[in-house]
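Shown here is one chain on its own, the form predicted alone, set out as structure tokens.
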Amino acid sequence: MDVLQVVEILVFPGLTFFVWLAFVFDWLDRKTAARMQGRVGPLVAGPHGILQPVADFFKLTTKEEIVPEYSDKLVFEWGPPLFFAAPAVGTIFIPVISLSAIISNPYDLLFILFVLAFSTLMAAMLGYASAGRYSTIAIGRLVVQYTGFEVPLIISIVTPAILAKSLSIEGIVGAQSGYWFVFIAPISFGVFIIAALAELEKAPFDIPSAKTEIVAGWMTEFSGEALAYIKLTKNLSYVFLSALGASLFLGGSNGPILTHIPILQDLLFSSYFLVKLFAVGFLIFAIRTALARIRIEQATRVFWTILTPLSLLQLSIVIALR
């Protein structure tokens, strides 16, 4: 890799750019929930409280980090960076300032599926390593929920790939020049959003981290810098899944107006991407605020008896129309 590509990976449109988007998403999530519930939300740090997530992050990094006596100290200390690496690496394959990603591969969509599975695996390992009672309960819920939502999530992601005849996110984005796949596969888009809520552990599927039942779930024993990076990872996953949904179903950085002027073209591509990213993100914000938590057996029933048949139906229709 040359110097320019390294800068793109680490700064823009790579890791640093997506990390700042994660802070913005956290602020928007809290503001949306507050507005829908008749509250004010973050207000002090920065204009309208926009810097509150940044302040919270740096405040946590200065707190004492307590390692439980009976925990697996190796996993407990080194697991959070690996947990952070999953969405951080996944963002590299999302086209932002052009129709091409920083790094692309004809089969990178398969790698994205691995990233999503690895993220859940690391969450389970971190909860197990902390050896706490609440964490143990949360792991059981997390694994049961994962076995339910993973099948419809994979099917909903594969559907746009079949429409585009490509297993590359770049290829799927490029195939949506004339129309968005959300109009052809709306059921898959709906299934993706619902499964994304489960992947992110957002209501109504915040069962593994139900604060009123098991404190903070598998994150209960974490504190200080480790907790700061775990929370940042969850917000980064928020952005990553929203970006993935925008790329697979809304054309990502693809748009109706193009130009041959390089700077304006990059600006247009970035604008298209950000508008679609925040549209998907706001949809997730609104759903998670409007719905209350359900029980784990209700969640699995939703995944297996509703989402999976619907995703298979949409997949069958897409294959029939090819």
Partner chain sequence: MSALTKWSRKRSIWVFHVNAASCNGCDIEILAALTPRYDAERLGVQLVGSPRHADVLLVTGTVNGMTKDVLKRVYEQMPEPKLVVAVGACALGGGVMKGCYNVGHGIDKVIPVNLFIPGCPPRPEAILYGILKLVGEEPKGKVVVSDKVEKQSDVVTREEVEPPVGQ
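Computed from a predicted structure; not experimentally measured. Residue numbers count along the first chain shown, from 1.
Form predicted together with the partner chain: not shown, discussed below.
- Comparing 250-258, 292-300, 61-69, 268-276 against the partner chain in the predicted complex, the single stretch with non-hydrogen atoms within 4.5 angstroms of it is 61-69.
- The partner chain is not drawn, but in the predicted complex it has no heavy atom within 4.5 Å of Lys73.
- In the predicted complex, at least one heavy atom of Glu221 sits within 4.5 Å of the partner chain.
- Within this chain, Ile137 is remote from the site of the partner chain in the predicted complex, having no heavy atom within 4.5 Å.
- Proximity of Leu43 to the partner chain in the predicted complex: non-hydrogen atoms within 4.5 Å are present.
- The listed set Ile97, Val215, Ile155, Val115 contains one residue whose heavy atoms approach the partner chain in the predicted complex to within 4.5 Å, identified as Val215.
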